Each structure stands twice: as C-alpha cells, then as structure tokens.
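A single chain, nothing else alongside it, follows as structure tokens in the form predicted alone.
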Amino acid sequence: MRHHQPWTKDSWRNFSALQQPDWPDHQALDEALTTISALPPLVFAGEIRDLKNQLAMASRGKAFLLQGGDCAESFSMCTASAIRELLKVILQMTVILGYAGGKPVVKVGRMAGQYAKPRSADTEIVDGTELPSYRGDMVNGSEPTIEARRPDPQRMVKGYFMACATMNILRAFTRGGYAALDRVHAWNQEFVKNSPQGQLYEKLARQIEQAINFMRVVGLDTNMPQLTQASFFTSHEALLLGYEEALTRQDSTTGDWYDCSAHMLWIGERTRQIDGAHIEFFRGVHNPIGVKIGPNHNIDDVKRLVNILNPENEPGKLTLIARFGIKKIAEGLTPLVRALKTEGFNLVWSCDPMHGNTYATASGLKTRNFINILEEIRAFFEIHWQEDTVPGGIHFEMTGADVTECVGGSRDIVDQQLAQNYQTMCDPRLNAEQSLELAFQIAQLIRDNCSTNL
C-alpha cells in the first residue's frame, strides 16, 4: 500500500508494522492506550518547533547536533542522580564542542522514552531455555523467566510516567540554575577530574569563568537566559506505534499534528521500509524525524523515503543518521551523500559511530573499540568535506556512570577489564571520560576545518 491516502494518526494501522510486541491480551492493550491518550503531552508543539529551527541551523553548518544517552533506559535507573550524571556529561560535551569548536550545540538526549528496543529475533536462548526476547522495559522484563518476558501493555503506562518524571527533572536542572555557565566546574565528575580529559576540561572551564567575569566587570548582564539556562530536547526510537499514536496531539495554534512523546523521534534500520507503518505514521507529524541508514540501504529507496518524510524539503525536519561501521563507511556513505546532494535535499547529516562497530569478546560480552568509534567519526567528517556537504551532528550511546563497556580511550580499558563494571541492559556505552575525549577530538576537527576555510 502506498502513502497517497489522506493521513490520520491511526492510518499506520493499514500498513505492515514490524517490531511490534505480540501482546497476549488485546483488550488490555486498548485499555492501556486509552489511558495514555487521555494523559497530558510530555512535550509541547512550541518546543518542537524550537528544535526544528535549531536543526535547520545544523543543516546549514551554523550549529552542531549532539544527540546522546542510554541505549535502552531502564525503569530502575529513573533516579535524580542517574539523570543528573548523564545530563552533566552532555553539558560538558556541549561546552567543549561549543567553546572549543566554535559553534552553537543542539542538545538532544536519548532520554525520557528510550524504553523499547528492536530485536533481530522474537526469541532468544538463555541458559538453554528459549524465551521471548527482551524488548525494553516498556514491553517486558529483562529477567530470564517466561513470566517476566510476557509483554504487558501496562508497562507502556508506567513508561509514560517514568518519561514524565524524567522530563520534570530535566526541566528543573536545565531551567533552575544547574545548567548555568558559571557552574561549569561543578559538572566535572569525580572519576574524570584527574584524567587528561578532566584536566583539559578544567582549563576550558577556567577560561569560560574568566569570560563571564569579564562581562560582569564591564557591566553586561550575566543573568540572561543564554547564560543561566540550557535548551535541552528529548528523543527516542519510535518503535511502539500504539504508544506514539496515543501521544499524538493537534496543536491548537496551527492545527498541525505533533507526536508529543518527545521533541524528536527516529526510525531505526529495521523499521524504515518505504511501505511500512512507521514511515506512514511519521509522514504526518510535524516533529523533526531521524532515520538510521546503514550499509544495506538502497539509494533510490532513501531518496523516496526523504520525499515521503519531508515533502516540503523543510530544513531541520529530517536528520539522516549514518551508522556504517569503520570498515564500510567510505564505500557506503560517499555515494549516498553524493546522490542526495544532487537531489538538493535539505538534511542534517549525523554520525552514529556506535552501532556498526559492535563485536563480542572471547568471554561473550558485547563491546566497541574507542579507536574504531573515533575513526568512523573522522571518516564521516572527511567524506562530507570532500563532497562539500555539512557534517551536522553526532549520535552516541553514553552514560554518566563510570562503566567499563567500551574498550580503549585514555584509560585504555581492555577486554579483560570489561567485567569490572559492565551494567548495560543492551548495547555497550561510552563512559563520561570516553565521551569527553571524543568531544575534544570532534571540537578539534570542527576547528581545523573552520581555520582551513577562512
């Protein structure tokens, strides 16, 4: 079925929807979605439009998108400290990219809704027993029992309230003084402070404090929102279409439809079929949309997808998130960028250097190598510069905790050390120290290119 019929927020139901849980009780599912549809939106249309405007700047090279957070949020980690620690790292990276890289940073967290995960198979073998796959806390439990793995639609209702609590504390931190630039020193985690990255960051923080103090000395107002607050947006992979539909609302000022579960949603590699339900749903909402593109794409399909999701060719509306892996990015991204540039599409190009670089150690733990992540980022920038297009952003799986999930970095974590503090529910994440190290490297890339073009 083609996308030529009038769009409604439930028209996706006429299309094939992949990666949806096998809900055992459809009446319970309907009741849960009815409950959610009556609850207040998590974000607002005006905020979504603000993000789109900022992303439009990123598409022109006038800003840089930093999108990061957990691979899969868990209900148990919906705590003030866990949210604060992740926000802290994103704020630090923003300072590094903005101050050292010389561009405004668009801050988007993988937060307040990243509770559902696509899976490559419906079942998995755990200790010799075949169980339904864990699909994220919004669907089922991670415990390896039949009871825990049964999809429960009430988990979507719980997910809404967890997202609501997360949004509440994010708004408090970013608007209530915690994100003020004169607090840059307070964002440096204890375990990072004595690292080379922590010391570089402290040096940067001192420079910022001196600049703010100079503004005060010459009589400029340092209580302006630009210095005391941070604009921060949320995003998640929009997988559970019933949940997304229940939170889709019509804006009273414009009449446009917005998915108010998050400011930005993205469509994964496994659900971006041209004739699929996810594309049908997201062609009708006015949020900025991301689409993950990996090595198995078809260029003509990507062109069609761009036309369906952004028919007005609106800057800031569509972000293509390249996730190729270091071995495939050169052969895969170059012809894609070239072909879409020829079409004249307004796009934000972002790099996900995580998903294409995952491998399993001898002990069976999934990990990623810091060097591969950095090299994919470098290749991403260089390809765009060669093609005279804009490398507009970066998409990380990261945490504020002192985890040992990705090998390498300045602490040189090795395979044998991963088990020391391997906490992830799903994919391996960068810890705060590794995240800062990448931010400094990216800032250097941005700065070098700016000086080359002067």
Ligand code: PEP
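Since we're looking at a predicted model, the values are computed, not measured. Residue numbers run from 1 along the displayed sequence.
The same protein also has a form predicted together with the ligand, omitted here; what follows describes it.
When you measure heavy atoms, are D251, H263 and H286 every one within 4.5 angstroms of the ligand in the predicted bound form? Contact check failed for every one of D251, H263 and H286.
Mind telling me which stretch in 333-341, 202-210, 110-118, 370-378 gets its heavy atoms within 4.5 Å of the ligand in the predicted bound form? Only one stretch qualifies here: 110-118.
Just to be sure I understand the contacts: of H278, R135, R323, R155, which is the one whose heavy atoms reach within 4.5 angstroms of the ligand in the predicted bound form? Of the listed residues, the single hit is R323.
Heavy atom within 4.5 Å of the ligand in the predicted bound form - the one residue of K88, H384, K317, R270 that qualifies: Looking at the other structure, the residue within range turns out to be R270.
So in the predicted bound form, does H355 come within 4.5 Å of the ligand, heavy atom to heavy atom? Yes.
Consider E237 of the chain shown here, and say whether it contacts the ligand in the predicted bound form, taking contact as heavy atoms within 4.5 Å. E237 belongs to the contact set for the ligand.
Any non-hydrogen atom of K292 within 4.5 angstroms of the ligand in the predicted bound form: Heavy-atom contact with the ligand at 4.5 Å: present for K292.
Considering only heavy atoms, tell me if C71 and the ligand come within 4.5 Å of each other in the predicted bound form. Close contact exists here: in the predicted bound form, C71 approaches the ligand to within 4.5 Å, heavy atoms only.
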